[in-house]
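Listed next as structure tokens is one chain, alone, in the form predicted alone.
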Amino acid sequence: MPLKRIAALAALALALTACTGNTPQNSGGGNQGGVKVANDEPGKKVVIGFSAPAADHGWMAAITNAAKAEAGKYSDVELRVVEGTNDVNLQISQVETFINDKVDAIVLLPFDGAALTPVALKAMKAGITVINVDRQFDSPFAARSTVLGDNHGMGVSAGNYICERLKGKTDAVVAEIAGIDSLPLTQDRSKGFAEALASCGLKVGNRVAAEFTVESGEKAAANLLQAARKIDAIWNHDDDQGVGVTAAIKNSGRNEFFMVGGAGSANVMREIKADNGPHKATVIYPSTQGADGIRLARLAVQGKSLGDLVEVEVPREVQLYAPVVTKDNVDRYLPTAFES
């Protein structure tokens, strides 16, 4: 067959493939098996149930608010949000209701991952797509996908920043104000922090634990400041409890140290930007996890992939990064920060 004839047939086959493909063609989309898709284009209606713990501090409130805002961007998403609760039995009942209502997907930030595992398994067995957020279930079969922050990475990021700021100061006194010590997330943060400090020859000299609340943060910080007469740097795990920590520091009149926050609240970022307080940085623990869960639920139910991946399915697990916010990059992160 002449070369010109072969080339013409190849071009025709390519054109037919482009015209008859099942995947929408849109340059604004991402990749599905190497083919561009428009993930934000309206598709089949997706009913999503959302449940999270009570919004008793800024980060948790931001989780739910961001999920609502994300769902509102899509005409094909109906979001059903139940009242946040720290009662495990009530949250189980909420998920049971979603199952009975035959929703398409459930985005669940469990108050207790282990306790919610059985009902999440029940939902998956009923054909409902479950997206687990922040606190993992005990079984990998209890969720289609899991969205996580990086607690160990938070500690590493905070420690590396302090190492850089205290470079060459081997006698520096580093203090740590942790969250609830019994929680694995607190243990992971402290472990990462100690490992990062060790890499530059430093260690935690003074450590206290709070309870992720303003009141506990103020009390823990006051105790720390009384016990440690000299401090060069403090890492506080949580910016919500950091409101109390900052109050205790102000009351003490001390200013010989700098502080690194945790989670990424707007008030801490504003302080960093103004450079008018002890905070010189904060490490983000994204409050966008609920919103990411909504997106993943919608894509999974509609059979779409993440726009920037070649893989045709959404991932089993997404772990979000824990970046350090400083005066140099604060404007990038302020728009997604939460209010304490």
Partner chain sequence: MSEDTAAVAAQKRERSPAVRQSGASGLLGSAAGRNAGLVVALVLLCIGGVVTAGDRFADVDNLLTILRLAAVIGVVSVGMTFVITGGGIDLSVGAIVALSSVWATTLATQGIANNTHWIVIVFTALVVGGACGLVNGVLIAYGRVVAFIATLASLAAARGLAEIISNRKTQIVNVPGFAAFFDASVLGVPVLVVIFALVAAGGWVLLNRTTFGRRTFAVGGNPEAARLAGIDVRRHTVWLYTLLGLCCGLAAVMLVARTTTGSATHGGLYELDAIAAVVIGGTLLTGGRGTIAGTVFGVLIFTTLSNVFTLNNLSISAQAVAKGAIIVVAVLLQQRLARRT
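Computed from a prediction, not measured in an experiment: that's the story for all the values here. Residue numbers count along the first chain shown, from 1.
Below: the form predicted in complex with the partner chain, not depicted.
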| query | finding |
| --- | --- |
| Close approach of residue 88 to the partner chain in the predicted bound form, 4.5 Å, heavy atom | yes |
| Interface membership of residue 205, the partner chain in the predicted bound form, 4.5 Å heavy atom rule | no |
| Residue 228, heavy atom within 4.5 angstroms of the partner chain in the predicted bound form | no |
| 4.5 Å heavy atom contact, residue 138 and the partner chain in the predicted bound form | yes |
| Which of 148 to 156, 216 to 224, 74 to 82, 247 to 255 sits within 4.5 Å of the partner chain in the predicted bound form, heavy atom basis | 74 to 82 |
| Heavy atom within 4.5 Å of the partner chain in the predicted bound form - the one residue of 243, 92, 142, 174 that qualifies | 92 |
| Any residue of 108 to 133 that, in the predicted bound form, places a heavy atom within 4.5 Å of the partner chain | 111, 112, 114, 115, 118, 122 |
